[in-house]
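What follows is one chain in structure tokens, specifically the form predicted alone.
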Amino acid sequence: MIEMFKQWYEARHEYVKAWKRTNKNGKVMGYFCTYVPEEILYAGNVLPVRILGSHEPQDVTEPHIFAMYCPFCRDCLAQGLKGRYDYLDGIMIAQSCLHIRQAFTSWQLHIPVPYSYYLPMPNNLQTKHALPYLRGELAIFKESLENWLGKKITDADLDKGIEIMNQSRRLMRAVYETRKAERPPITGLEAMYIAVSNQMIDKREHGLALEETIKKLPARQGSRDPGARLMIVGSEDDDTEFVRMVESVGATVVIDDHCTGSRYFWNETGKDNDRMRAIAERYISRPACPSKDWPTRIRLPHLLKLAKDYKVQGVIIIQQKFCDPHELDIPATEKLFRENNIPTMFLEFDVTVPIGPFKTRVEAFLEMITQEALF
């Protein structure tokens, strides 16, 4: 069953094109950031699809976006310029960082798409004004979506959208919970396929596969020596080749905190007669992206709790090259784990992962962890 998630991840474009053929009245929205309120999209029978890169060297974005913007945003834009997302009916973003916003803006300018929307998600989520502001912006977005779709999105529709998302989040949490075991029944690579495909596949279909997988996981318990228990923290990461390499040299990634992993699904939307307020509260209170974790770094206790709950022995901190929010976050993150006697290693990612040099550094890091465990 886990092989299905890998297939979905690798054939995501083919999946969505098939979905459109089956759902004649449905539309597909490509989104650039996980602060996009998918509850409202599902309420309108719109399939949300995360726009991700391909990890292939490319040069087609040079006329459109600065070379010193992060490789992830350039890779995302390249996919649009190459026509790989030609099935999208719309694109949208919720404001996060300058770099991915530029990818969105360049897409608007140079790649024809029937509908696009910029959601002004506040960056200072710690102010008392954030919730009423975002609630108002979500209401404006809902009205725009209704005008595009030519139909009203009712409270019953919103309840459906909220439940689709919450059910998916519960199932994802249940899968991640199994990774706390002394011998986790799934690898970090398998968890990455599950988590990333969750952002591309219809949540209802993905959820059925998750339910079947959860039933079968106990039979896999203890089938693999996990080696060193690692955590990945940082920028967007769907680098399957990197995780495969890490786990091939004597480790298991048991937990993560990045926007293609646990940060995406960690909390649910609560109950409230004011559905817009409930959805706004969810996105404000979710584990924060560093672009929104200020002036107080409230994310740090969450990171430490994850590390302790999953019995982490070492942390790999990753940064997409030129990613300013995470670069500013690294000193505080390293200090947090250092003060709690959890070793860290920092790696800077580019469009393609240099497996050879990374493998040497990861092996040295694991040897250090092993030596420290002896004393």
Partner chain sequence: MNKYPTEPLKCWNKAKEIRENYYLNYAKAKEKGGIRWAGGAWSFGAIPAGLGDDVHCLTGEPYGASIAWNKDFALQCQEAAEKKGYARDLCSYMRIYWGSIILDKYLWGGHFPKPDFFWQDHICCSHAKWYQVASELEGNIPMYCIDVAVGPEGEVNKNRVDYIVGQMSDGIEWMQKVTKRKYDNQKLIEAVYNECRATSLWAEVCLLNKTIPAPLDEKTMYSLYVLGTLMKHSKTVADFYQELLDEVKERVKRGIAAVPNEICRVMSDTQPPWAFLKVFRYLEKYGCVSIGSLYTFGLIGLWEIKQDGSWGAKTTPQQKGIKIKTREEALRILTEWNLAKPEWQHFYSPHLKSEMMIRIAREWKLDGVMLHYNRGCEGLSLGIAENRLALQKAGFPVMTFEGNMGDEREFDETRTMARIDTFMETLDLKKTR
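Residue numbers count along the first chain shown, from 1. In this text the structure is predicted, and so the values were computed from the model without any measurement.
Form predicted in complex with its partner chain: not shown, discussed below.
Here the chain stands by itself, but in the model of the complex one stretch of 115-123, 172-180, 209-217, 189-197, 115-123, has heavy atoms within 4.5 Å of its partner chain. A single residue from the set R224, R204, H110, K82 has any heavy atom within 4.5 angstroms of its partner chain in the model of the complex; that residue is H110. Out of the listed residues Q167, S106, T240, S262, S106 is the one that sits within 4.5 Å of its partner chain in the model of the complex by at least one heavy atom. Using a 4.5 Å cutoff between non-hydrogen atoms, H64 counts as a contact of its partner chain in the model of the complex. In the model of the complex, none of the heavy atoms of Y310 sits within 4.5 Å of a heavy atom of its partner chain. Its partner chain is not drawn, but in the model of the complex it has a heavy atom within 4.5 Å of D329. Remark: P185 does not count among the residues lining its partner chain in the model of the complex, judged by a heavy atom distance of 4.5 Å or less. Highlighted residues Q95, A130 and I140: every one comes within 4.5 Å of its partner chain in the model of the complex, counting any heavy atom. Of all the residues from 266-296, those having a non-hydrogen atom no more than 4.5 Å from its partner chain in the model of the complex are P290, S291, D293, W294, P295, T296.
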